[in-house]
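Next up is one chain by itself, shown in structure tokens, the form predicted alone.
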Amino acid sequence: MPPKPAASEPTSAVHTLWKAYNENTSDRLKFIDAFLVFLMLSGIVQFAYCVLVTTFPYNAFLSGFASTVGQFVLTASLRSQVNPDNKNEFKDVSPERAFADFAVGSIVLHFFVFNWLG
């Protein structure tokens, strides 16, 4: 059998990764991952708008971008705590407790973001 061309190797690697992700990842984690992708795209759009169009009002940009980054960090933390593969690292944290921590952290984050807007 002749070797496959080098161009198809990255494509097959991505396809294999996507297939394994769909087969082995629970729907709960896929939902959290979709929210993480949304937050990342939202931050990219905010930053691109600031660079390409205007920074006025600068406080609004800082608040929005800080909110996006902070929410991304909180959501990534939630994902790591509810992932069944990490049970050994988070023995004392139930999924309900992890979500409660996420909710309280989000409320505090958005309270400070709202106050920064002025």
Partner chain sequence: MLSLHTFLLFFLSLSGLLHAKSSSGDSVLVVLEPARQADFSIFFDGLKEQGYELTFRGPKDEKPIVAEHDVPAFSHIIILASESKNFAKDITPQSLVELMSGGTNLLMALSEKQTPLSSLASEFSLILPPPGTPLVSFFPERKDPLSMIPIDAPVDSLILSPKMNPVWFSGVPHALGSNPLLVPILHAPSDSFAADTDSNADALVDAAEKGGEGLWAGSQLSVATGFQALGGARATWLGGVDMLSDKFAKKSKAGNKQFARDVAAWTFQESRVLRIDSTTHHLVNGTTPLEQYTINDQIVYTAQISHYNAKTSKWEPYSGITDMQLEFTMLDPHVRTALLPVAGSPGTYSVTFRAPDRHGVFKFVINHKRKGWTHLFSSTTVPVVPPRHDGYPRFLSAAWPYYAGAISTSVGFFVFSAAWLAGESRESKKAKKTQ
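Positions refer to the first chain, counted from 1. As the structure is a prediction and not an experimental result, all values here were calculated from the model.
Just so it is clear, the following notes concern the form predicted together with the partner chain, a form of the same protein that is not shown.
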| query | finding |
| --- | --- |
| All of 56, 68 and 71 within 4.5 Å of the partner chain in the predicted bound form, heavy atom check | yes |
| Contact of residue 112 with the partner chain in the predicted bound form (heavy atom, 4.5 Å) | no |
| In the predicted bound form, residue 93 touching the partner chain (heavy atom, 4.5 Å) | no |
| Residue contact check: residue 77 to the partner chain in the predicted bound form, 4.5 Å heavy atom | no |
| Close approach of residue 107 to the partner chain in the predicted bound form, 4.5 Å, heavy atom | yes |
| Residues within stretch 21 to 49 having a non-hydrogen atom within 4.5 Å of the partner chain in the predicted bound form | 28, 31, 32, 35, 38, 39, 42, 46, 49 |
